[in-house]
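One chain comes next, on its own, written out as structure tokens in the form predicted alone.
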């Protein structure tokens, strides 16, 4: 199968998104102008409007393009394990690695929350949900070993808990207990798999 040919228009669009991404991280949404985005992308200002109607559309496209879910889902799908616990541990470690490769996403989410009052988050969730649910297979195969909880809730809790662990570590990290990120994730995994109540 031959390589897909990328058009000049697609390359320009990618340049716009990459330039906007860097500027949004450095200056925020309101601190970034369309003129700056055009300059960063190496095109004339008018050229942007062949691809996007305005700055907000660029921001939402950046949110989608740089969402770590694009890396997380393949990593989780490729995870293996002889037991559900081993699978979950490998999937979580893969997810942590994927999140570490997208450190700017946390900043984008803050921009979304602070500057847009979370306006685009519902659409972002709608966009990522089918990808998230594509990892339900290994949980379904182990369903007879799991509590009677809908698989969608299990998958949502797993992804949500891992995201929140990563974000919490970046936000408050050593303010609670100083420990390596891997150890913090391991404790979160134990909570996901076994809860917090003593037997």
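Small disclaimer: the values here were computed from a predicted structure and weren't measured. Positions refer to the first chain, counted from 1.
What follows is about the form predicted in complex with the DNA, which we do not show.
Of the candidate stretches 126-134, 40-48, 148-156, 66-74, only 40-48 has residues with heavy atoms within 4.5 Å of the DNA in the predicted bound form. Though the DNA is absent from this view, in the predicted bound form it lies within 4.5 Å of a heavy atom of just one residue from 168, 61, 161, 34, which is 34. Taking the partner from the other structure, the DNA in the predicted bound form has no heavy atom within 4.5 Å of any heavy atom of residue 22. In the predicted bound form, the DNA stays beyond 4.5 Å of every heavy atom belonging to residue 194. In the predicted bound form, no heavy atom of residue 190 sits within 4.5 Å of the DNA.
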